[in-house]
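To begin, one chain is listed below as structure tokens, in the form predicted on its own.
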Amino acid sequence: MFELPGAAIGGREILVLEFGDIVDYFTPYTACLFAFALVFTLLVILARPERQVDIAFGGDAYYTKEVQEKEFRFQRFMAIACGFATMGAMASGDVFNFTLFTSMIGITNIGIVAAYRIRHVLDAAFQYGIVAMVATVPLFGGAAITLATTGTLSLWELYRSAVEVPLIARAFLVLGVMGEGMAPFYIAKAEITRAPGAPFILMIHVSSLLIFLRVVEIVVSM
């Protein structure tokens, strides 16, 4: 019933999951991205940054940091939610669900960064939040233009050569993902990559990279 056209750069589907009107699928390309997100989500679940140890290179010294578990509870929850949203975006079979999961990734990334009760980190989270909220306009605008001009949001149909997706819709999708995926730049600005809770910060980098890779596949295949 479902068969991707040969124009899809991700290759032929290897598994199709139907949830009513929602149809997800895996190609060799999206399966690799999904597996990557799954591995890092499991790492977030299993990681215990409350017992963080910093090793001083070039010597035998090391520093231990004691952090209360309750301080990481919210951050861990947002990182796990980010992982599930990333997996949803990788397997999505239509443009709307992809934009919805991408915006969820932006929200959870804000939550991960904002969990730090440090002023300059909160300033960075606030600035990223503004960028992410503004990015939802072109993100969902691209999906709306796609639906208005082609009559469908299903990637099964949009990948067919007979369906022409306007260039402005593709540009809006890329622009929206760029805005949602800007979180790593604000993490670098706040310099929190070595702070307690680094495994959760890693999920921000992974999710941003994966949504970039997925939107490239979608835009090129349409």
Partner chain sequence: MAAEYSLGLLVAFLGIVAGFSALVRERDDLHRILLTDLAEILALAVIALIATDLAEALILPGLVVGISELMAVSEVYILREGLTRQPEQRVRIEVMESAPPIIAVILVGYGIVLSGFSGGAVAALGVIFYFLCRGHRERFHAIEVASGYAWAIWILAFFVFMLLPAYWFFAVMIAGGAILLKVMAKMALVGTMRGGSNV
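Residue numbers count along the first chain shown, from 1. Computed from a prediction, not measured in an experiment: that's the story for all the values here.
Same protein, other form: the form predicted in complex with its partner chain, not shown, and the subject of what follows.
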{"property": "Contact test, all of F84, M87 and G93, partner its partner chain in the model of the complex, heavy atom 4.5 Å", "result": "no"}
{"property": "Contact test in the model of the complex: L153 vs its partner chain, heavy atoms, 4.5 Å", "result": "yes"}
{"property": "Proximity of F77 to its partner chain in the model of the complex, heavy atoms at 4.5 Å", "result": "no"}
{"property": "Contact test in the model of the complex: F140 vs its partner chain, heavy atoms, 4.5 Å", "result": "yes"}
{"property": "Interface residues of 107 to 128 toward its partner chain, as seen in the model of the complex [heavy atoms, 4.5 Å]", "result": "I107, I110, A114, R117, R119, L122, D123, A125, F126, Q127"}
